[in-house]
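Before any questions on binding or motion, here is one chain by itself as structure tokens, the form predicted on its own.
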Amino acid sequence: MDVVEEHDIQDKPTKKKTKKQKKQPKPPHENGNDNMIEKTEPEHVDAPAEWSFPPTFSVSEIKNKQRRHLMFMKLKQEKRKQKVAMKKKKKKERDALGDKAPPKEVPKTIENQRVYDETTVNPEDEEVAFDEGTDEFSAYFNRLTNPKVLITTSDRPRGRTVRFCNQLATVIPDAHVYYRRGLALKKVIPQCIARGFTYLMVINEDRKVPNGMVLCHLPDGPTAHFKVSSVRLRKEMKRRGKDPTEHSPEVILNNFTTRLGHSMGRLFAALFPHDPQFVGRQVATFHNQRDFIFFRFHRYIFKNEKRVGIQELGPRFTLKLRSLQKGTFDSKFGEYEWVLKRHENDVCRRRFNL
């Protein structure tokens, strides 16, 4: 019995030690298969900062709106920095090469990739000169008539449209604003001709906003209908100058190249007197770009021999030609020279009419 107890006492601590012992992995040199260890153990490589996102990462995959906006602004800023750095690098290379530098690359735009129009006007063409001498504006360009404009509105105009008409009257010399009083244009036109007006301008509105213009040249036409958009009055413009003076402004017509555009240019030019008064230093600009006619009214000042400062006076607006009608306004029996056909003209984005 005593021997059994001694054996039991000796075995108990050994069992406790076996429970506490943990298996320790053998070092790689003790195991004979070194190749298997190299394959199974991953190698730790410090990744650069550029690899923080996978190569196919897209900002749109971020679901958090604020974080997505923040990442988008960071990417945009990085692209801007890269663009500026490339410009500086190219400039240094061009300065280093000097006269041997290659010519600058012209960026592709819709304007310089424009589809050639067969009706493009050549100023030296005899046919164009003959048409100009016999069209409806020949009396004005031969200095036989002086422009006199009547500006009116649609029935029951709102305040914004009335203010727009009043500001147009300060831009165009010898322009008079009259209330329509519900008269039809067919009755207004004979009265205008009898009183010596050379133009009738009608400003239409929709939901208290000017949205259309009918410009009728008297007494023989033509009549143009425009869509009006982006109207900004003087009080709505920042950094505007003082109100314009009564001096006759200079007129600038840009990019009216086709036969239709040439007619539009002559239509706008006949609104203003022949001889501008340079003392007023005021300029009215009609700029055609992609068949949109942008109107701006500026005052300029010469700071020195090379620098000129300009100040916008307002108002500003944009015109889009809808139709050109022969003769005076006649919605039923009038003969249209040109009508905007939206689906036919929008087939090619590089084809323009003006």
Partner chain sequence: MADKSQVCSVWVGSETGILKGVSLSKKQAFNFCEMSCLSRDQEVCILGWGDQHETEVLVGSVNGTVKTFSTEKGIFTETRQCGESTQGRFTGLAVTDSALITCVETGLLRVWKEGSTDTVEINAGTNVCRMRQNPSQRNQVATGGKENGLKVWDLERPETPIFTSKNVRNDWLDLRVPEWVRDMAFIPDSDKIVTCTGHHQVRVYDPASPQRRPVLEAHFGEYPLTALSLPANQDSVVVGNTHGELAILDLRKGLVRGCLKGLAGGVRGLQCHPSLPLVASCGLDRFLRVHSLEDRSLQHKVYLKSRLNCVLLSSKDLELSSSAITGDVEEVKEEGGEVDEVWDTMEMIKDQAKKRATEEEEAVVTGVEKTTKKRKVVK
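Note that the structure is predicted; figures quoted are calculated from it, not measured. Numbering follows the first chain given and starts at 1.
Keep in mind the form predicted together with the partner chain is missing from the figure; the text below concerns it.
Engineer: Ok, Q77, N146, T109, T134: which has a heavy atom sitting within 4.5 Å of the partner chain in the model of the complex?
Structural biologist: Checking each option against the partner chain in the model of the complex, the one that comes within 4.5 Å is T134.
Engineer: Which residue among F130, Y179, F72, F278 has a heavy atom within 4.5 angstroms of the partner chain in the model of the complex?
Structural biologist: Contact with the partner chain in the model of the complex is made by F130 alone.
Engineer: Against the partner chain in the model of the complex, would E118 count as a contact residue? Criterion: heavy atoms within 4.5 Å.
Structural biologist: Contact with the partner chain, yes.
Engineer: I'd like to check something about R342: if you look in the model of the complex, is any of its heavy atoms closer than or equal to 4.5 Å to a heavy atom of the partner chain?
Structural biologist: R342 lies outside the contact set for the partner chain.
Engineer: Answer with yes or no whether H247 is in contact with the partner chain in the model of the complex, where contact means some heavy atom within 4.5 Å.
Structural biologist: No, H247 sits far enough from the partner chain in the model of the complex that none of its heavy atoms falls within 4.5 Å.
Engineer: Decide whether R259 counts as a contact residue for the partner chain in the model of the complex under a heavy atom distance cut-off of 4.5 Å.
Structural biologist: Looking in the model of the complex, residue contacts with the partner chain include R259, since a heavy atom lies within 4.5 Å.
Engineer: Counting any heavy atom within 4.5 Å as contact, can you tell me which stretch out of 198-206, 155-163, 120-128, 78-86 lines the partner chain in the model of the complex?
Structural biologist: Result for this chain: 120-128.
Engineer: Going by the partner chain in the model of the complex, which residues of 325-343 come within 4.5 Å of it through any heavy atom?
Structural biologist: K326, S331, K332, F333, G334, E335, Y336, E337, W338, V339, K341 sit within 4.5 Å of the partner.
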